[in-house]
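Have a look below at one chain only, the form predicted on its own, in structure tokens format.
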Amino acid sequence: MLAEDLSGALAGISPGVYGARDFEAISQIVYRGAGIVLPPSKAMLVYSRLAPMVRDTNCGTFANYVQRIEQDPAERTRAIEALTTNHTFFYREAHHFEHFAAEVRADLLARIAAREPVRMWSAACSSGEEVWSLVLTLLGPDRAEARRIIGSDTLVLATDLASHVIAKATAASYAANDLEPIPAALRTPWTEVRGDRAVIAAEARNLVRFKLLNLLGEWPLSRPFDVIFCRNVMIYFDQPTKERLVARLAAQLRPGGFLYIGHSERATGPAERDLVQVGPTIYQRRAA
């Protein structure tokens, strides 16, 4: 069935270079490594993204490259990174940030005033647009008020499995017009415009710690989180993987903490015992 599904997609490509068996093997490697499901419709995407790596490694054929990534963990990581989707933009799904500002931020400020720690996590942060949107919303338009946040025990963890997007997120430099979706009252105090580039202000950058992390692997996390954003990641997983992930995320929230997921995602499975939906794709962990 797979070969029939791929026959049209692979037309024009020599079977000796790339064929259905190669795609199936790569799909299994990516699923095992990152939980991502690659349907037959992604055959040409796999070819286009990995063909340069087949050439760069002098493998000659995808069959040889499959052997390489099965034996070489570093090259396997590069291949998986090349096949991940990193499309994102600032203030994406604005209702999440509006909810955070209206329903969550005041409680976090009260905890900061009481000298309690505040922890947030942008899981699968990609190139940083999500985490910076969150941090600017937390800091708010009032720099005097924000100084109390900056001087507190507040940290935001931002993780992704792809090193190249972590590097861009850490640099915190973007085309200036990319930040336009963020309300000006939040954008203006916390960005520095340099020609056609905008850089996130140092005060905001200092709140964030970027780490490489595969959501399917171990999570070396020492504290529960007040807020977790994990959006538009589970759409690439099968149902059992989705349910395991959301259960782990729910367990990582403190009672009363909030989980924000993507617009086409749902919290299902065992996590439903711990989470109550409080808005469109917004969940709160039940009190202990």
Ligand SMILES: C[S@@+](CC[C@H](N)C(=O)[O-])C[C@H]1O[C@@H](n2cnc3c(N)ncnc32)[C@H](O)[C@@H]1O
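Model, not experiment: these values are computed from the prediction. So that there is no doubt, residue numbering starts at 1 and follows the sequence shown.
The same protein has a further form, the form predicted in complex with the ligand, not shown here; the description that follows concerns it.
Exercise. Thinking of the ligand in the predicted complex, which stretch from 198-206, 167-175, 124-132, 106-114 has heavy atoms inside 4.5 Å of it?
Worked result: Of the options given, it is 124-132.
For this session: Indicate whether the ligand has at least one heavy atom within 4.5 Å of a heavy atom of I36 in the predicted complex.
Result: Residue-level check for I36: yes, a contact with the ligand.
Exercise. Should M120 be classed as touching the ligand in the predicted complex when contacts are defined as heavy atoms within 4.5 Å?
Worked result: Because no heavy atom of M120 falls inside 4.5 Å of the ligand in the predicted complex, the answer is no.
For this session: Look up in the predicted complex whether L138 has a non-hydrogen atom within 4.5 angstroms of the ligand, and give yes or no.
Result: Judged by the heavy-atom cut-off of 4.5 Å, L138 is well away from the ligand in the predicted complex.
Exercise. If you check in the predicted complex, is F237 within 4.5 Å of the ligand, heavy atoms only?
Worked result: Answer yes; at least one heavy atom of F237 falls within 4.5 Å of the ligand in the predicted complex.
Exercise. Taking the ligand in the predicted complex as the reference, which of A79, L179, L186, L213 has a non-hydrogen atom within 4.5 Å?
Worked result: Here the answer is residue option L213.
Exercise. Pick from T61, Q252, N232, T57: which residue has any heavy atom within 4.5 angstroms of the ligand in the predicted complex?
Worked result: The residue from T61, Q252, N232, T57 that makes the contact is N232.
For this session: Within 4.5 Å of the ligand in the predicted complex, which residues of 149-176 have a heavy atom? Give them in sequence order, or say none.
Result: The stretch touches the partner through D160, L161, A162, V165.
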